[in-house]
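The chain below stands alone, shown as structure tokens; this is the form predicted alone.
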């Protein structure tokens, strides 16, 4: 036999007690619970930074001919992560605007019968050719994009 096993200084191994196992299990459950609560909060707080970074990377969007609206109509599309609106006027001209109301961030819609862009949330109205405010609570005009027509598709880019 070895000398270590015959000496009286050896510490006997303790078997885990039920209380210790229960405490370790409760600690693991508490950590999992905190993680389950913390992750959505982290995603919520990190999302604006991620969106901002993604929006800065997108400089233009090409819209294929099959997706283009007829004269006098509009189509919605995503410019990065934000909704945008492409309007094909009856005179053949094209304009594109950010489709987020400058008042409280609702998505606006095109109303050709009223010749305006309208926000249904609080009644904000914008000019369909310039994006300027026609009425309601919006504090500023819609952000306009640069529009170019080439080879059967429309290219919308930052102005």
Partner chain sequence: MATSSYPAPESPLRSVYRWADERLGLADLAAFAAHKRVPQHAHSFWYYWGGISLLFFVVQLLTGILLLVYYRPGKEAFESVRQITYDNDFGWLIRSAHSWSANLMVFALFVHLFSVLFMKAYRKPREFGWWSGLGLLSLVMLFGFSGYLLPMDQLAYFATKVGLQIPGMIPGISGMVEDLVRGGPQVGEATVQRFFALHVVILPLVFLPLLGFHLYLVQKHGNAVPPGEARKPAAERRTIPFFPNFLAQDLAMWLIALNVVTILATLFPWDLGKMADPLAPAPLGIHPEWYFMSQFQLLKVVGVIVPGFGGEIAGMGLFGAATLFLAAIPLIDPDSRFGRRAKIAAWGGALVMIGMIVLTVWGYAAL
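Worth saying up front: this structure is predicted, and the values here are computed from it rather than measured. Numbering follows the first chain given and starts at 1. Rigid core: the largest C-alpha set superposing within 1.5 Å between the two forms.
This protein has a second form, the form predicted in complex with its partner chain, left out of what is shown; the following refers to that one.
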(message) Is residue 92 near its partner chain? Define near as a heavy atom within 4.5 Å, in the predicted complex.
(response) no
(request) With heavy atoms only and a cut-off of 4.5 Å, decide whether residue 52 touches its partner chain in the predicted complex. (result) no
(message) Considering non-hydrogen atoms and a 4.5 Å limit, does its partner chain approach residue 59 in the predicted complex?
(response) no
(message) Check residue 43 for me: does it contact its partner chain in the predicted complex (non-hydrogen atoms, 4.5 angstroms)?
(response) yes
(request) Specify the contacting stretch among 108-116, 122-130, 60-68, 33-41, defined as having any heavy atom within 4.5 Å of its partner chain in the predicted complex. (result) 33-41
(request) Answer yes if the CA of residue 150 moves 2 Å or more between the shown form and the other one after aligning the rigid core, and no otherwise. (result) no
(message) Taking the rigid core as the reference frame, tell me whether residue 43 has a CA displacement of 2 angstroms or more between the shown form and the other one.
(response) yes
(request) Could you check whether the CA atom of residue 32 moves 2 Å or more between the shown form and the other one, using the rigid core for the fit? (result) yes
